[in-house]
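To begin, one chain is listed below as structure tokens, in the form predicted alone.
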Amino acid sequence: MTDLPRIPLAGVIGHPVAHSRSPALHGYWLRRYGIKGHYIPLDIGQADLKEALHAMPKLGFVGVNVTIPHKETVLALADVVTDRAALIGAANTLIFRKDGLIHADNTDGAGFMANLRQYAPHWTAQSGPAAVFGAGGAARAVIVALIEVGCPEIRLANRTRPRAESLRNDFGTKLQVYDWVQAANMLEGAALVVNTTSLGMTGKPDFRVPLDALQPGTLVIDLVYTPLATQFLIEAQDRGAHIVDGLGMLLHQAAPGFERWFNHRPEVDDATRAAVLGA
């Protein structure tokens, strides 16, 4: 009997992970391009992460996406880390190489900027200061991307201030740290406002920072995409802001991983978005 080629497997690891739209997204691309492969959600706790990662290649996995709370932890478990992932201090894409090494990359910043270009082409880095809520792996990716395009000032607030201070130590004086109780003050004169926290996500506490200082025309982005229209975005829109939801970033950051795992560069278009929303 002739040996059949192994069907490639990929997935998303996190804890929790049931909310992720990544399986719907990659499943759509696999069907669209007629590729034999599977992409599945994998709820893996911190204590089991190392063992799970080393077992996956033996099970047929070619790579995985990484989400909360493992984006920073996986860097220490990878054999090869791209400069981009090292600078950000987090990885969202792992490739299990044929030589047995685990390759870690971060496509979040590129996905964030691609989402901006697609849905807010009027925005430029020179538009003014950016206000960022949160100091986790996604925030680090956003901050690196904003610095790279020349954003003049980045205001940062996190529920635990030391974590925000750590980012300022890493990325320099362009970052201005605010106490969480004073976070509303970041919005005054800001041209871009980004929520990178999980606040407002289905099953998580609400985003409660007052938006009184938000100016009409400000670009407001929420990286949360479940629900798609968060209360943060709804209130920002009511105040005259231009809003962008987090789904586009998910779609764009996913494309490089899919290409590496399944050898086909997928399109991020209206049909892709509709497929994920309809899943």
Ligand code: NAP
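Counting begins at 1, following the sequence as shown. Quantities reported herein were computed from a predicted structural model and do not represent experimental measurements. Whichever C-alpha set is largest while still superposing within 1.5 Å between the two forms counts as the rigid core.
The following text describes the form predicted together with the ligand, which does not appear among the structures shown.
With respect to the ligand in the predicted complex, the three residues 93, 95 and 255 uniformly fall beyond 4.5 angstroms at the level of their nearest heavy atom. Contact with the ligand in the predicted complex, judged by any heavy atom within 4.5 Å, is made by just one of 160, 182, 126, 169: 160. Contact annotation: of the candidates 120, 177, 201, 114, the single residue with a non-hydrogen atom within 4.5 angstroms of the ligand in the predicted complex is 201. Only one segment in the set 34-42, 228-236, 50-58, 241-249 has any non-hydrogen atom within 4.5 angstroms of the ligand in the predicted complex, and it is 241-249. Though the partner is left out of this view, residue 131 does not reach within 4.5 Å of the ligand in the predicted complex, counting heavy atoms only. At least one heavy atom of residue 224 is located within 4.5 Å of the ligand in the predicted complex. Although the partner is absent here, residue 135 sits close enough that one of its heavy atoms falls within 4.5 Å of the ligand in the predicted complex.
Interface residue remark: residue 68 is counted as part of the site for the ligand in the predicted complex, having a heavy atom within 4.5 Å. In the predicted complex, 108 is the single residue of 98-113 with at least one heavy atom within 4.5 Å of the ligand. Residue 69 is among the residues whose C-alpha shifts by 2 Å or more between the shown form and the other one once the rigid core is aligned.
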